[in-house]
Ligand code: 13P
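The chain below stands alone and is given as structure tokens, in the form predicted alone.
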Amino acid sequence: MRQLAVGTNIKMYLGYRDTVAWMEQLAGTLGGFREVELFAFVPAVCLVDAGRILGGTPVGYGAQNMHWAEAGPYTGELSAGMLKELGCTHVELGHMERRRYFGETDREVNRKLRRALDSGLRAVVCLGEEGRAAETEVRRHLERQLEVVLAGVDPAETGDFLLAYEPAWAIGVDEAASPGYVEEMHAHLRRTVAGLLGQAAAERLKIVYGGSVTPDTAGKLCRLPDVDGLFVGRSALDVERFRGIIEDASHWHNRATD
């Protein structure tokens, strides 16, 4: 049974002081969820504070992006070594907004994933379609993404990172994609990974869903067989609401796997 994973990326919604206060509340509220893989991605200016506040708690933490090079003339970038020095456990790669606004490609995400794996950072690798399309077209798009993103990954390494399926059209809207649609795409992602790296590798891999997750949808999604958790957006800014999502997700995930 794959352990439930629930995380969040708070993007650039909060200022520095508010992010620190949010992390302090997170540390005080989520300490009891030791059977769930929890992670939070915060702005780079808050990573030192994240180590002080979240270090020693069940909440992993990391940066919202990372460069693929070990070091070099890359102004404004963060290296895996820097993140490790700050105690980061996780790193987010390939978010839709990185692709949309900064032109990030699957090839770049693949290079970043390779660096994360070599550095011992647990990557959450985002992928998904940009707009609504026929399901056959979406499935082919996901296949193409995985072929590039997973190039050079050893089958034994699929337990060392997560995939986050995030259809861009479902991010920041009032309603997540339907559970039936989410399960179909998660199952297709797993079948594709099995074709690329083998069935055992696909069974090890956690695939979480992100896209307008709320307390009303968490349980419906986490009872699905190929949904291993949630990647929560704005709902996590309210820590009590985030806790409710985790509790509901955990309850239904455990029932589904009993």
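Start at 1 with the first residue shown and count on from there. For clarity, every value in this text was computed on a predicted model and none was experimentally measured.
There is also a form predicted in complex with the ligand; it is not shown, and the following applies to it.
Chemist: Does the ligand get within 4.5 angstroms of any non-hydrogen atom of F231 in the predicted complex?
Modeler: Although the ligand is absent here, F231 would touch it in the predicted complex, with heavy atoms inside 4.5 Å.
Chemist: Does H95 make contact with the ligand in the predicted complex, using a 4.5 Å heavy atom cut-off?
Modeler: Yes, H95 is a contact residue.
Chemist: Is there any non-hydrogen atom of L38 lying within 4.5 Å of the ligand in the predicted complex?
Modeler: No - in the predicted complex, heavy atoms of L38 and the ligand never come within 4.5 Å of each other.
Chemist: Can you tell me whether S212 touches the ligand? I mean in the predicted complex, with a 4.5 angstroms heavy atom cut-off.
Modeler: So S212 counts as contacting the ligand.
Chemist: If you check L83, L117, L142, I171 against the ligand in the predicted complex, which one has a heavy atom within 4.5 Å?
Modeler: Comparing distances to the ligand in the predicted complex, the residue within 4.5 Å is I171.
Chemist: Determine which one of 150-158, 180-188, 100-108, 163-171 lies within 4.5 Å of the ligand in the predicted complex, judging by heavy atom distances; exactly one does.
Modeler: This holds for exactly one stretch, 163-171.
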